[in-house]
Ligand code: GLC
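One chain follows as structure tokens, the form predicted on its own.
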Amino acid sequence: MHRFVFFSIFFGLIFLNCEKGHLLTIAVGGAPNELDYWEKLIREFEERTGIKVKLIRQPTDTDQRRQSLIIPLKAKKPDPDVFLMDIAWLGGFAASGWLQALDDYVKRDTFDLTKFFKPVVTSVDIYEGALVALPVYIDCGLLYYRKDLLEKYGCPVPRTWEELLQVATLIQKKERTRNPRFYGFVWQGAQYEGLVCNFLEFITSAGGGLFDSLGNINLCSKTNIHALTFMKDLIHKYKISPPNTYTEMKEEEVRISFQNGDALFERNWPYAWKLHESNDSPVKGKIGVTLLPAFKTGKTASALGGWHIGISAYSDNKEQAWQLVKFILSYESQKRLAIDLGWNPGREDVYEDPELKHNLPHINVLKESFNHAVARPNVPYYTRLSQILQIYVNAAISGRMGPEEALKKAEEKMREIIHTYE
């Protein structure tokens, strides 16, 4: 009897340990080709470490991905152990206590944080003094332009918004004789998160911002009003941006317009480059990429985006989870994600890789943009602040409300939300 109990416990422990190896899970979303690639990457990790990993496939839609993580985290479920997070979620996830602090792992393994973009880690991945995530993929706003048309009309690549306006007005007028649908500048103005990113870039490049130096909300400043007025005037006064900017223009609508040859300048994320350079693209070989312009009194700014990796505070497999995180953030994995998927590495040192420079000729522009990146507020109530900004900034650029009135009302609403969390 005792021998039976002993062997039952012995084999039971073996079974649990085997099962434990199968319980390491990572949640990743995206397009089908991205998920297939993650399967391949994870199989390689398994072969190297002997650790079994299950990939939890999430939807492509960002909101659905967020919700599919919130449900198990709220319930304090052990799975997923590891997951990717949109940059805008981090503050809320960290404030909820859902993210495992990584400081002890980093210190123990002498994991070199200096290999990552310091402004990104500092502004996004550290919450209340603790390191809770690290960047896998970094995004930022860029200015795409038709280099063939700039050369044709003898115009320079603009460094300021004022220069962009001048060049776009000139070339739009000339190109309209052959293409009535041609516009000087297309950007994201529909009422969604992308509009907030564009708004942040405009106000920051004018010397403004959402908060003052003391951290107090300061939305209705003269600088911000000037920048928002300029955004509105691009559509209604100067007419170099299409009327559907504030109703329809999101990333893909903007990309398609530019890629079809219907625009001179385009504000978009780095993902658009590969599509613009595809074999069936009408603008293949005709485009350039540069930093977003600044106002004469300001400096360039790019809204920071991307996906960060973290470990669940409720994971029952944290040690192996950390091993997977390290593998995904390794130089080799980051380089492969860049070359094979077009993902911009979270590691700064990868940008000096000769093969990467060959595959991504605008890599130096990306690197410089990340060092000029402006992060959205890393606060648990950011989603609510964003919803307010989306409504009132869109009202201003559509002409339904004056820029000053819109910002004043938005500031009042945002103050109410902030006060409920104080």
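In this text, rigid core is short for the largest set of C-alphas that superpose within 1.5 Å between two forms. One rule holds for the numbers: they count along the sequence shown, beginning at 1. Note that this is a predicted model, so its numbers are computed, not measured.
Beyond what is shown, the protein has a form predicted in complex with alpha-D-glucopyranose; the following relates to that form.
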Could you tell me which of 293-301, 256-264, 323-331, 85-93 sits within 4.5 Å of alpha-D-glucopyranose in the model of the complex, going by non-hydrogen atoms? 85-93
Taking 4.5 Å between heavy atoms as the contact cutoff, choose which of 383, 359, 62, 364 touches alpha-D-glucopyranose in the model of the complex. 62
Contact residue in the model of the complex, chosen from 242, 310, 208, 306 - any heavy atom within 4.5 Å of alpha-D-glucopyranose: 306
Look up in the model of the complex whether residue 251 has a non-hydrogen atom within 4.5 angstroms of alpha-D-glucopyranose, and give yes or no. yes
Please tell me whether any heavy atom belonging to residue 348 falls inside 4.5 Å of a heavy atom of alpha-D-glucopyranose, as the geometry stands in the model of the complex. no
How about residue 79: is it within 4.5 Å of alpha-D-glucopyranose in the model of the complex, going by heavy atoms? no
Give a yes/no on whether residue 125 approaches alpha-D-glucopyranose to within 4.5 Å in the model of the complex, heavy atoms considered. no
When alpha-D-glucopyranose is considered in the model of the complex, the residues of 173-194 having a heavy atom within 4.5 Å of it are 192, 193, 194
Honestly, after the rigid core fit, is residue 65 moving at least 2 Å at Cα between the shown form and the other one? yes
Align both forms on the core first, then report whether residue 269 has a C-alpha shift of 2 Å or more between the shown form and the other one. no
Relative to what's shown here, the Cα pair residue 251 and residue 29 differs by 3 Å or more in the model of the complex. Does it come closer or drift farther? closer
Given that the distance between the C-alpha atoms of residue 60 and residue 303 changes by 3 Å or more in the model of the complex, do they end up closer or farther than here? closer
